[in-house]
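Just one chain is shown here, as structure tokens, and it is the form predicted on its own.
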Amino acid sequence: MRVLITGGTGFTGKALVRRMIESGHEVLALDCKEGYRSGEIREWGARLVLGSITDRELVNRCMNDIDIVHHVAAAFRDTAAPESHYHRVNVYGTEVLLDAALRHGVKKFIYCSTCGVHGDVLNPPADEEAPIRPADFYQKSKFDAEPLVLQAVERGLPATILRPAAIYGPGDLGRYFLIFKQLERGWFPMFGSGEVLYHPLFIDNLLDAFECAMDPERGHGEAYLIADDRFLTIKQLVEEAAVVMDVQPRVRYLPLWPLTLASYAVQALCRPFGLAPPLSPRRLEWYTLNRAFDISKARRDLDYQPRIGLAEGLRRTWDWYVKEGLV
């Protein structure tokens, strides 16, 4: 089939491009900019188009003869951007894609939302019926686009919504990279108790979910939480990463409140100048918000089965960092 992947040069999008090509599909990747070693996308045989999902004319051209759309692109982690930026990219951009998909008769549209729409999980593990409590512009805009997907379903577009948990794996230069780098230094700062719940999602497991959702007979008009088979505390996550690295770091427990106050102050100082703050309340969520989910609905409806556990996922990720010379 012919597959369009938005956000194709990012961590998740690029991995999905490779999976689709390996599965024998013809891939068009759309992104607003080049990414880490995005030239590999062309080497694999995909076509890469640079441009915005808010550009109706461009999106309409890209949608021509497309069978499947994986909508991964999003404004993300831009702490200096106003709410209007997140709304334009994540909500209006999704609307543009849905309109084009309907116009061109796309067979299946998969929208990548986020588990973050549920905010801090008060009664873990949360399922898809848990309260919607987004904590920032990104999470709010991702949820605000979900009703647009359901409206397109009512207009005749087969579509499925995925809400991934904390994605990691080879190619990730985000939180897990920072965890490994800090462990390399021989100690790890744990602000708070370390007992906050965290639910990882290895990239290959997420790619399996995307493939499951491509079936037009599965998940039509439904939203699904996607995660690995178990959640754990952030303290346990750090300990398991250390085992993979074969190190025994010192974990230093530090009070969270001074860092929280500092994060609000830094964010307030940077905002008038349009600068991304080096420290912000959102970056501290890892230490404060519970993330633990029940994936039984995805198991039942999509036949989703997370094949790779945490120990193996961490090992593959660490090996990639070593191979790339990043650690």
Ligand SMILES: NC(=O)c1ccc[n+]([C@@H]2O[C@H](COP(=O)([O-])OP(=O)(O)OC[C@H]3O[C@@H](n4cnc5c(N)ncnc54)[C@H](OP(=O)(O)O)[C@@H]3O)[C@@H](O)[C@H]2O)c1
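Residue positions are given as counts along the sequence shown, with the first one as 1. This structure is a prediction, so every number in the text was calculated from the model and none was measured.
The following text describes the form predicted in complex with the ligand, which does not appear among the structures shown.
> Just one of 294-302, 60-68, 263-271, 31-39 has residues with a heavy atom within 4.5 Å of the ligand in the predicted complex, so point it out.
Selected range: 31-39.
> What is the one choice in 157, 167, 145, 121 with a heavy atom within 4.5 Å of the ligand in the predicted complex?
By the 4.5 Å criterion, the partner-contacting residue is 167.
> Contact with the ligand in the predicted complex for residue 51, defined as at least one heavy atom pair within 4.5 Å: yes or no?
Close contact exists here: in the predicted complex, residue 51 approaches the ligand to within 4.5 Å, heavy atoms only.
> Closest heavy atom of residue 75 to the ligand in the predicted complex, within 4.5 Å or not?
Although the ligand is absent here, residue 75 would touch it in the predicted complex, with heavy atoms inside 4.5 Å.
> Indicate whether the ligand has at least one heavy atom within 4.5 Å of a heavy atom of residue 205 in the predicted complex.
So residue 205 does not count as contacting the ligand.
> With the partner left out of view, is residue 317 within 4.5 angstroms of the ligand in the predicted complex by any non-hydrogen atom?
Residue-level check for residue 317: no, no contact with the ligand.
> Decide if the three candidate residues 12, 89 and 112 all line the ligand in the predicted complex, where lining means a heavy atom within 4.5 Å.
Yes, each of 12, 89 and 112 comes within 4.5 Å of the ligand in the predicted complex.
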